[in-house]
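So here's one chain in two forms, each on its own in structure tokens, numbered structure 1 and structure 2.
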Structure 1
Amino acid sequence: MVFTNAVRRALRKARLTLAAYIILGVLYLAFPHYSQLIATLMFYMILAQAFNIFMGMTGYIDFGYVAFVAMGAYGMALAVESLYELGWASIIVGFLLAVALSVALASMVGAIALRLRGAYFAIATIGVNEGVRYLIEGANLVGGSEGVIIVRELRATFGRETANFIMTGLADLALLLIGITAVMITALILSTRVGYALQAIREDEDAARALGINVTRYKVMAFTISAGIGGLLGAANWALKGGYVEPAHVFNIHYTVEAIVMVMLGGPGTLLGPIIGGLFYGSMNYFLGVIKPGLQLLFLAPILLAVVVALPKGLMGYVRERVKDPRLRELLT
């Protein structure tokens, strides 16, 4: 009964956010020429939503987050490469392995690093990201610096046309489903005592501990959930969609920086904020790249800086402060 009520509250909170994904799905079908742009926007939205579950709700900045996304990509690549003879089952196993590897890494890192605070935690997570990358390259694990290519296995199992569909339409559908899953998980967290505990930790960790909240437990919980969603994202967008996994790309800290920017733009700790931040950042990055190719970051940086300075609580924080209707404010959580 308690869980059912939490689901109902989560669905109420998530209406606008779910609508954003549904609209993108409709646009994807209606305008196939813009399918890659829409898929890219979904990638940014999911990345921001997953990162927000930990950073936005606890206030901890994880500079090594991309390592969990990378683990998901490797999980899918290894499953398809090793089990391609099983057909569709290899892809299902790939998603399961992606979550398992990401959560396993997050559990090991979180159990140690989450005992640190502030800059010490951030430095530790950078070390994890680079350490895993150089372990793979230096020890020549899972393809080493050359990575893992699964295009051949996909075509050998499914044929050229079906393999191409898997790497386009199916991968994009998986992104849509992962995005909806991330929204519902976030809404459930915000609708239960887990969300209240994480918010208490964000506001004052010492006070939360004094009130009897097991801060380490809740931080590890948010850390692993965030990592699991990131693993699914890496499996769908980098391994399945790209057809290969290469360490220099999947361990690029640039993606973590983008996640931080998008969460701060939209509003940390909110449900709709990371979606707005992902759409804003992804759209600006794309259109500036079309208008001024190669110089988009030069123009994008001052725009982002202006938004963050003018709206310290993010776009959603600015909007919620000016909305008086309590029902609408609930939708803008």
Structure 2
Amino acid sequence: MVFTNAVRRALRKARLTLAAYIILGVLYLAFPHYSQLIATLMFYMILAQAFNIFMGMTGYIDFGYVAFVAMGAYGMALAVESLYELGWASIIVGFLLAVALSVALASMVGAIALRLRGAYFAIATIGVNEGVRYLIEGANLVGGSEGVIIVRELRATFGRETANFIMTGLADLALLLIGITAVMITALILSTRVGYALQAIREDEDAARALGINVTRYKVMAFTISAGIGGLLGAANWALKGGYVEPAHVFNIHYTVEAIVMVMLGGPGTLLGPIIGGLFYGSMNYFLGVIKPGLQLLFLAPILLAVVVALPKGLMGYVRERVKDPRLRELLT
């Protein structure tokens, strides 16, 4: 009863965000020529959404976030590499292993780092990403600095045609489903006591404690959920779509910075914010990449600066403070 109420509230809040994904799905089928642009947009939307579940809701900035996405990519790559003879089952196991690895890393990091506050937390998490990367490269684990390549395994099991479909259409379908899952999880969090607890933590952690909120429990919860979705994203978009995992790429802090920019831009802690941030940043990144590759990074800093100064609560934060009608507020969650 309580749960079905929450689902109903969540669906009401998620209308626009779900519509965004469905429109992208239709556009993907209607304009195959632009399918890779649309897939890129979905990648950024999901990255922002996953990051938002922890950073946006609790206010803690995790500079090592990309390590969880990387864990997911490794989970998928390792599953396909060792179980490819099982066919489709290896891909299913890949997604499960992706979530398991990213959640496992998040639990370990969270148990220690979540005792720290503010800047100390941020600094500790940078170390995690670099640490895991150099562990893999230095100790020559799971392929070392060369990474894991699964294109050959995919082709051997499924044949060239099907393998190509897995690395394009299926990986993109997986992205769409992960995006919708992220929307529903975020909307559910925002519709239940969990969301209130996280917002209270973000606004004033000591007051949250005094009001009966088990602060550590909710922080760990948001941290692992955020990591798990990141893991799914890495499995679909890097391992499955790319056909390989390379440490220099998947542990690149660049992605964490992009996630921060998108969430700050769209509105931390909101449902629509990361979608808007992802769409804006994703398309800017794509078109600048077409016009002048490498220039994208130059635009990151001024955008972030402008947002922090002009819209400290992001675009959705700004809009929500001005909308009074409760029904419209719900739609613009």
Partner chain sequence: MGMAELLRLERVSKRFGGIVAVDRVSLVVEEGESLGIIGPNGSGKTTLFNLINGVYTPDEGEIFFKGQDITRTPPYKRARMGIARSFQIPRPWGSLTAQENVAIGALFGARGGQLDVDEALERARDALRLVGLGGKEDAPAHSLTVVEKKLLEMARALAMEPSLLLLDEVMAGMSPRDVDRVVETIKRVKREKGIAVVALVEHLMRAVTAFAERVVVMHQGRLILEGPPEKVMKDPLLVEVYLGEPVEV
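Not measured: the values here are computed from a predicted model. Numbering for residues begins at 1 and runs along the sequence of structure 1. The term rigid core refers to the maximal set of C-alpha atoms that superpose within 1.5 Å between the two forms.
- Only structure 1 of the pair represents the form predicted alone.
- Once both forms are fitted on their rigid core, the CA atom of residue 27 lies less than 2 Å apart between structures 1 and 2.
- Superposed on the core, the two forms differ at residue 319, whose C-alpha moves 2.6 Å between structures 1 and 2.
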